[in-house]
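This document starts with two versions of one protein chain, written out as structure tokens and named structure 1 and structure 2.
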Structure 1
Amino acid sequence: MIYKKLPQWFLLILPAIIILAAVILIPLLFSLYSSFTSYRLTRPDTLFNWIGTFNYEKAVKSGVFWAAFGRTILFLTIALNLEMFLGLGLALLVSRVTRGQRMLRTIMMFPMMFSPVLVGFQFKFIFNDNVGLVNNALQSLGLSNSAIPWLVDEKLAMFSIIFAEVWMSTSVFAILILAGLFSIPQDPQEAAKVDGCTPWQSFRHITLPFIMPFIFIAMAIRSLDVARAYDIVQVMTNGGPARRTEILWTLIGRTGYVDAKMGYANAMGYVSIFLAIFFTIYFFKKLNAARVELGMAR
């Protein structure tokens, strides 16, 4: 039989290949094919209506798509920078703790263990106009006379989403940066003290170059997560008000499952993937540059 002619190593990995093909490869190829068709969920026969690159051209020319892309970049930039700075500060504080550090590291990881859907519902309640904890606290302290529409006002809604995202994911940066802090050799720091360097000079010229590779690793991981954020935005605002918080993947979900334009949604998804790959390559180039600089410093 055929399987007897196959090499043994291939037979051992064959089940994994079959599972990967069924779960990843086949759906990926199907979505790629459908992006070149006018496929609509309500009309299955349109799956065979080949229209070439029309969906991609439509996405590239769409003002709605680029507006969502701009909001995604804004969301990604603000969230990543806040997570990086807060994570760095948190890691520096925890690294100086002498007692109970293991417990602090464990507590620090709690937010990243929650499902994004659960975090979305949690902060949707916290920022609720009428019964939200934030409005009740502000009114009780006399800081506000009326309820603030956190999830209805276009600017405050984006702030609320970013706040929820930062709360959930700052610990990713903190854990990775803390690992970098623990890997720093003590000799350069002791030499800096002997030479009379200030704490800021030691941090700027010794600590920071050592932890930059860890920061860029966290940036690469989180940029992919934030770029395809869906759960928190969908739960908290559903892209509203008036699509003011609509980002790429909520737009793609709305196009595919509400408007039933699955072929067009898949095309937008692949354009988004190419953009995400671009940012990943950018951060990995920064990571390699930081590693080279660190190697030269050593």
Structure 2
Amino acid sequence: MIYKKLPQWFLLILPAIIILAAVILIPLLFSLYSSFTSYRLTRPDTLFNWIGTFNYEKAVKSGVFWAAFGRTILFLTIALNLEMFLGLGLALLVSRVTRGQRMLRTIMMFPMMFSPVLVGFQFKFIFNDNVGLVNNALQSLGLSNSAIPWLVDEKLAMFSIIFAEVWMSTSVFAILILAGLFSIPQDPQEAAKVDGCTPWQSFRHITLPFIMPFIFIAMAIRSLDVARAYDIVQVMTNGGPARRTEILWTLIGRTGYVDAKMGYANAMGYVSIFLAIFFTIYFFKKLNAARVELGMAR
């Protein structure tokens, strides 16, 4: 009986490891291999055509790739920061409400239930230059007499996409920060009031250090599934028009499925994976530091 010798903890995490290995690790190893070949979906024999780091070199030399890379970083930075600040603000607003707070909390969670692809369609509809809510409202109010091309102009399209993404994900921050606010002991906040703090000062010196771990948890979670934004972008503009909103994920999807260049797409896929992993680990480090700061480390 071999399993008798295995430690209990190992048996308990074994199912998780098996599933993750089967569904994520093996395909990733396969894609790692294929990223060194000229694999094309349409010609299976190319899978064995080893071309070394050619795909990676091609990506590094490609202007399109770097443009998408830069846009992705920009998109992530703006979206995550906005989500954090708005989430913090929303959580503070809701936490100060005494009557009807439960209802507000439920409403606040509303966008979390939306499928990202639905969010994409929803805002594609709302920002539609012809029948969209935004243009209709602006024109009816007389604020604009022409149809604003929300999803065509480069800057406006980026704005619309970020708006959709922020609308969808701010509530993740808000909920986690709200959970943090509820877990703060009441006493130190009152002590700060008596010690002469203005509301802003007690927030800055007492509340903020306490909710920092929660902010980092939210950041870590968000960077784990930040690629859900792909669904939104894919639906709203699909990187277009003319690559004006191309981000890494839409570029990968197009290269792989439309152009069928699997090897090349997988090479770029690896770049996006490391990007996500980098962000996640960064926030995990921050999280542990903040926990130590509060004297509550594991």
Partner chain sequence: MNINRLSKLKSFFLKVSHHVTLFIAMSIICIPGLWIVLNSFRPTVDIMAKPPVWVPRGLNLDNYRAMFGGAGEGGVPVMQYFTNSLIISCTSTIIALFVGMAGGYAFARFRFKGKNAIFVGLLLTRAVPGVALSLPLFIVMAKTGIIDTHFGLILVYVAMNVPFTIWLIDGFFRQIPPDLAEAAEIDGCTRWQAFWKVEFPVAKAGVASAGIFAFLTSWNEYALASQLTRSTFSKTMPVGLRDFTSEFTINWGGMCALAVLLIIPALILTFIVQKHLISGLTFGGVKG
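Basically, rigid core = biggest C-alpha set you can superpose within 1.5 Å across the two forms. Here the structure is a predicted model, which means the values were calculated and not measured. Along the sequence of structure 1, residues get numbers from 1 upward.
Which number belongs to the form predicted together with the partner chain, 1 or 2?
Looking at both, the form predicted together with the partner chain is number 2.
Large Cα shift (2 Å or above) at Val258 between structure 1 and structure 2, core-fitted:
Superposed on the core, Val258 moves its C-alpha less than 2 Å between structure 1 and structure 2.
For a quick test of reading the superposition: does Pro27 move by 2 Å or more at the CA between structure 1 and structure 2, rigid core aligned?
Indeed, Pro27 is displaced by 2 Å or more.
Cα displacement of Ile17 between structure 1 and structure 2, core-superposed (Å):
C-alpha shift for Ile17: 6.2 Å.
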